[in-house]
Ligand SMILES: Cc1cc2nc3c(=O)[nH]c(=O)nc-3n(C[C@H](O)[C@H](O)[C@H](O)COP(=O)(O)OP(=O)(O)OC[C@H]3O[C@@H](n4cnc5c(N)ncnc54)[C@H](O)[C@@H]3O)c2cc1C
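In structure tokens, one chain follows: the form predicted alone.
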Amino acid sequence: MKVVIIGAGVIGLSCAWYASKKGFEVTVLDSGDGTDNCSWGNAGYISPSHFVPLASPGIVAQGLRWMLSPTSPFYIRLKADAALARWCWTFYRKANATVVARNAPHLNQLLGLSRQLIEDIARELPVSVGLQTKGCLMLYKKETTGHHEAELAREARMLGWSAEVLSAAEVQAMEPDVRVDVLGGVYFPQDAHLHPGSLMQALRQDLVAGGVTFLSSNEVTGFNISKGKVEAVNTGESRLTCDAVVLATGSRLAHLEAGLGLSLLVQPGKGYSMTFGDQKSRLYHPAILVDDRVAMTPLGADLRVGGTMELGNDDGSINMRRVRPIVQAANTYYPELYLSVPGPEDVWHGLRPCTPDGLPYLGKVPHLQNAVVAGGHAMIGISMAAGTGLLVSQMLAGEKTEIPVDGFRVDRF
């Protein structure tokens, strides 16, 4: 069985990993070199704790308040764009308690499956990907935020995860090497983290060794479709015949959807990260600074700090007005880190593929027998990659999927 996977981000690589294990002949196409996607420089979290979809109650009102500030962690670049307008309207309609109650269990199952599988992948890969199972801290400075995080901890326990509400002193005890200035926190011990770039390099290296073909800098120009099946994928350089195709292009889903007769609601959400080398004061645990939506990830002697969500801004520009508050938040929560704001050349950015309801697209294209979509994982692609790869391979093989996938249907809007 010849499978063409379009997209060499962590989702595409995970799909290739499991498809190759089933003995399929796999070719991975990418318009870049595999390092220019939102997987490469993100926080590297494997986070079952992120079971609440992005479209959640209160997020619209909070987002509108944030849009009034040029330094807030959320921004929409308003422009005459019908796709963005439709996305925003659908997001508005989906951001309610009823939809979240329906969607959170689907997200939780996929996150749980991925959390289980990533340890197997890390053991099988020939080199280390820096997987650490130290949990994650959700830190806050505001009392109202603390109440909200405590409620999320209660919901997590109802779903079977551990969650510990901590005082400021208990948070400080978990970080003996740095001073932490917070009101309190919630600790999710089942969360893990790794170096996302190392994971992607190791996956690619192992896939190549196993016979998977990679075609980089190949832009897909169209598909040959006949009798309800994709027969070939066309690029500017070649025509690849196939028995099945997987669309795993992240924020570029909209560039190829029409070729498969799809109309997917997905918007690129730009985020930034900075990696500070050789830190003398080291964090022991990854942490999310909840009030400022900033992620902190210790990567050996390095520290990665990231945040911000910019919709409607999909160019390669770096908005330093959004970057500076990320670093300032890190210094506010950890006053003795003394991080400096880097220049634009040292700021990484990626475009997260966001759907209006916070769930990825994961399933077969209804009108095509042999096409699968795996995209729209927003900020938690690393967290959901392993489970997504396994489920896609099972769909390709015509097997029963490990968990139900109806909630991720590609035609749900």
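Heads up: residue numbers just count along the shown sequence, starting at 1. A quick note: this is a predicted structure, and the numbers were derived from the prediction, not measured.
Another form, the form predicted in complex with the named molecule, is not on view; read the next lines as being about it.
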Location of the named molecule contact in the predicted bound form, chosen stretch of 92-100, 124-132, 245-253, 71-79 [non-hydrogen atom, 4.5 Å]: 245-253
Selected contact from Leu359, Ala386, Leu29, Val347, since only one has a non-hydrogen atom within 4.5 angstroms of the named molecule in the predicted bound form: Leu29
Tell me, out of Glu231, Glu219, Glu164, Asp206, which residue has a non-hydrogen atom within 4.5 angstroms of the named molecule in the predicted bound form. Glu219
Counting only non-hydrogen atoms and a 4.5 angstroms cut-off, does Val392 reach the named molecule in the predicted bound form? no
Any non-hydrogen atom of Gly381 within 4.5 angstroms of the named molecule in the predicted bound form: yes
So, Tyr272 and the named molecule: in the predicted bound form, are they within 4.5 Å at any heavy atom pair? yes
My question is simply whether Pro48 lines the interface with the named molecule in the predicted bound form - judged by any non-hydrogen atom within 4.5 Å. no
Can you tell me which bits of 176-194 touch the named molecule in the predicted bound form, meaning any heavy atom within 4.5 Å? none
